[in-house]
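We begin with a single chain expressed as structure tokens, specifically the form predicted alone.
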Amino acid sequence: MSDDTKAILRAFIVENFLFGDESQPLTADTSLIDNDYVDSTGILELVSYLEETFGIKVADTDIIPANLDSLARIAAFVDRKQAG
């Protein structure tokens, strides 16, 4: 899993979902859903960002917490999609 990918994703999440508030605990394994950082509309915004930024296609069946619930999971998902 790329540290660059995680850094890019973290910057996007802090800016768009935490409104620049870096005081929120956001580790690689912090649940975005359980901590109410991202709601269903935010997930769609995240998917659009992933497709545009990383040049991947996210299928409807890919939109699950196992792929999109934390920085680590999102970065691993992006890496798998780019490798495939």
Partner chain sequence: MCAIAGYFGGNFSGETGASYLRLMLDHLNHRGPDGNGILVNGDVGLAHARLSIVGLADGSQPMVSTDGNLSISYNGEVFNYVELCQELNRKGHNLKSGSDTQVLLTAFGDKGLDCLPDLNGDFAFAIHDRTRQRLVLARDRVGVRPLFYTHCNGAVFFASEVQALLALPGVSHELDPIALDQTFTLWCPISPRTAYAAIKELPPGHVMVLEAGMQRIHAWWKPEFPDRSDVATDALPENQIEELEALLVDATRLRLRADVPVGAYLSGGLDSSLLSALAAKIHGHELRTYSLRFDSVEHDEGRWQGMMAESIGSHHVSVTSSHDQIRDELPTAMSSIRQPILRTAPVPLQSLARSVRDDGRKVVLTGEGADEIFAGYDLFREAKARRFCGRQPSSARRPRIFQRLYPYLPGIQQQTPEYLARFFGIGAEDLQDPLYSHRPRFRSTASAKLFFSSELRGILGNYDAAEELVSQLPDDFRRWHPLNQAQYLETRYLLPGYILSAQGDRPMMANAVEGRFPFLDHRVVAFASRLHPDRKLKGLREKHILKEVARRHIPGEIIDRPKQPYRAPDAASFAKPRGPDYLRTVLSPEKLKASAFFNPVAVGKLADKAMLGEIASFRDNSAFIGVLSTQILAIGMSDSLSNCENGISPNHVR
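Positions refer to the first chain, counted from 1. Model, not experiment: these values are computed from the prediction.
If you look for the form predicted together with its partner chain, you will not find it shown, but the lines that follow are about it.
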Is it the case in the predicted complex that Asn16, Phe19 and Asp39 each bring at least one heavy atom within 4.5 Å of its partner chain?
yes
Is the gap between Ile63 and its partner chain in the predicted complex 4.5 Å or less for some heavy atom pair?
yes
Is Leu68 a contact residue for its partner chain in the predicted complex, using a 4.5 Å heavy atom cut-off?
yes
Taking its partner chain as it sits in the predicted complex, is Glu51 in contact with it (heavy atom to heavy atom, 4.5 Å or less)?
no
Does Ile43 reach its partner chain in the predicted complex if we count a contact as any heavy atom within 4.5 Å?
yes
